[in-house]
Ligand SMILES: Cc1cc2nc3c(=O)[nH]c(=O)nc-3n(C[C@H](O)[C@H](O)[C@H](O)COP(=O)(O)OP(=O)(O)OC[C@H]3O[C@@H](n4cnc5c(N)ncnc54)[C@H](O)[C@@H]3O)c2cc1C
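Only one chain is shown below, in structure tokens, and it's the form predicted on its own.
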């Protein structure tokens, strides 16, 4: 089947590329991705590829490609922030993961995961347009027979599409233009992220593979990437009077992190200090009110553009993958009737994504609670059922 509808995707991040691949595989070949960067890629950091993402990759025929970059993560734990003593420890074999969750967890470098999607996308016919930064969007009425959406870019180009999927991220031009959005508010949390070479922290104990070190108002986590050649780390601190950029492109010196983690276990400090050039990325976490709708005429939102969320469940990318898989299925189910597909997609996805949007911030407060019993809770406490979701088979 080859559907004639011309679909524009704004943003070639993980959500946008997943949507593009999933749509092509379902017979929607008139898909064009517009990306502001001069080359495809993702920022140098790790990502938790949970079972929900792995199921989608498998459904798209891409799990083997993901496996080529990273094996399954089999041990997870919480360690005492000062002594390093294990508070929680879970070991789950691949067989157990498949039996209980239907898929494994992996920890991948974001660039590697993005490469898997990039390689799967058919770019023939100029389907990928780099150096296209969206400046303005306008659209015709939904009932106009020859109507469409006009995308105006800063390079002077104007492109016309029948419909647009906006995957333009946290600071979405599309969302802020077409939707009634509230300004972001600072959550009080600062986050730092770094990537170090494993050789620069010799003798590091990497079991559990994923390890969290929570304390009151602070938390550190680390996990290996690229078959233990690199270590990805993330640190958080509650600093309600702080200021900072809502961006992963804001660099700072690791001394800033160590000011907050000075009493943490020596292995934690060794990892932080091994960051190349003594630098790391800094993000002041902001939150937005969840939207009541992701559809505006011929335009629909996906991923962070629809539901930018804090990282405390590690499900931001997972939500984008789920959105993309479900939206492609909706287009197929409605045989290209975009109005029906948008309605079906929103009905299937909005409540779940908004739940994670709210619960993620709540979970961050629990992780860093003054109560040690809260900090010792399983990371999926109260949400286990939500982690069994399969976007490739869920009712739509």
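Predicted, not measured: the structure shown is a model, and the values here were computed from it. Positions refer to the first chain, counted from 1.
Beyond what is shown, the protein has a form predicted in complex with this ligand; the following relates to that form.
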| field | Segment assignment from 281-289, 268-276, 195-203, 213-221: heavy atom within 4.5 Å of this ligand in the predicted complex | value | 281-289
| field | 71, 133, 90, 181 - the one with a heavy atom within 4.5 Å of this ligand in the predicted complex | value | 133
| request: Have a look at 300, 320, 225, 117 for me and say which one sits with a heavy atom within 4.5 Å of this ligand in the predicted complex. | output: 320
| said: How about residue 34 - does it come within 4.5 Å of this ligand in the predicted complex, if we only consider non-hydrogen atoms? | reply: yes
| Heavy atom to heavy atom, is residue 47 within 4.5 Å of this ligand in the predicted complex? | yes
| said: Within 4.5 Å, heavy atoms only: does residue 14 come near this ligand in the predicted complex? | reply: yes
| Does this ligand come within 4.5 Å of any heavy atom of residue 176 in the predicted complex? | no
